[in-house]
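Listed next as structure tokens is one chain, alone, in the form predicted alone.
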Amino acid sequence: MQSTEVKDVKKAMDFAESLLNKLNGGAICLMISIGHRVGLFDCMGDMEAATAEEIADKAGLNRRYVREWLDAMTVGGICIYDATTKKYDLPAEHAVHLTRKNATGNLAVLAQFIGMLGSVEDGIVDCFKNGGGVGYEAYARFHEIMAEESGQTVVPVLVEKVLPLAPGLHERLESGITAVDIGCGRGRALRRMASAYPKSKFVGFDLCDDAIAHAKEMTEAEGLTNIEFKKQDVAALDLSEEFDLITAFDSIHDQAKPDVVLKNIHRALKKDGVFLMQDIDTSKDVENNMTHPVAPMVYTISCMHCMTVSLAQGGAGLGAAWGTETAQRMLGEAGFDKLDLHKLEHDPLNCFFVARR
């Protein structure tokens, strides 16, 4: 048995300090999430330094809660406080990473995962003891948060940078082809494509009724007529050479039967078709992820969502850190013998696979 006697007191104290920093960081993340959801960062980003009352009134929020939130933001190093004037300020250098004006780099969007994952902690604890998983239905805000995250990483660059990764695809979409998005969620990426390519026809498949209902509502509001959404377990998909383009944005590793899904995608793709898959840019081996900028968050989200929702269906439980090596192997086993891996400059966290039959 390893001795618990401390041999290096300084090392122990340094570790304790790092743990306290992590605890404080987790607490601030919850407050960042709240500030994002109620619009306080956006409000402060458009204001000069102001008192708590002025900020609350401008945002249309309760003064007492706003003041407590501002104090948390102050001690957390997010806001600047002037004790003489009693005014709080969100510096422009901070606002650029916390407001909706930044279409591709608002880190407050990611902070929402902390509270969402915390809501299923009891279920995850039970899984540690008894196995199994926590189902999709337990995550009340999952599709809302994922749609917002996708709205930063994929949607803004989809037409200009992502689709052109497959040579000739842009031109084919302009001429008119048939495409389907696997695990479409609320359909933001699909709606962007449908809007950009009115001559093409688009279909969205997802398991969750609430996501499909929201996608249909937004499609109608946007006046898009070349798109439809269907509830579909893609592990049971039985189509042959149906689509010119199949996309999957951050959804394959969540599948209960990812190997079956990839084979079904291969079969459903026309012989000259393209499968475009976005996923997390990690290695399957933890030692290769030590310098990954958000590795702790990737593994946490994996354990508390991606892996467990798959296991809840009796699935493989690949998890978010299944790795590009595993992804490439499984794509090859599914029959994709032409495969390219791409990374985009604006997004250090994801990668894109372009696969052909």
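Numbering starts at 1 and runs along the sequence shown. In this text the structure is predicted, and so the values were computed from the model without any measurement.
Quick note: we don't show the form predicted in complex with a small molecule, though the next part is all about it.
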Given 160-168, 247-255, 100-108, 121-129, the stretch touching the small molecule in the model of the complex at heavy atoms within 4.5 Å is 247-255
Whether residue 183 contacts the small molecule in the model of the complex should be assessed with a 4.5 Å heavy atom distance threshold; does it? yes
So in the model of the complex, is the small molecule close enough to residue 143 to count as touching (4.5 Å, heavy atoms)? yes
Just to confirm, residue 208 within 4.5 Å of the small molecule in the model of the complex by heavy atoms? yes
Test of understanding: in the model of the complex, would residue 274 fall inside 4.5 Å of the small molecule by heavy atoms? no
One residue of 226, 74, 178, 232 in contact with the small molecule, assessed in the model of the complex (non-hydrogen atom, 4.5 angstroms): 232
Contact residue in the model of the complex, from 150, 112, 264, 219 (heavy atom within 4.5 Å of the small molecule): 150
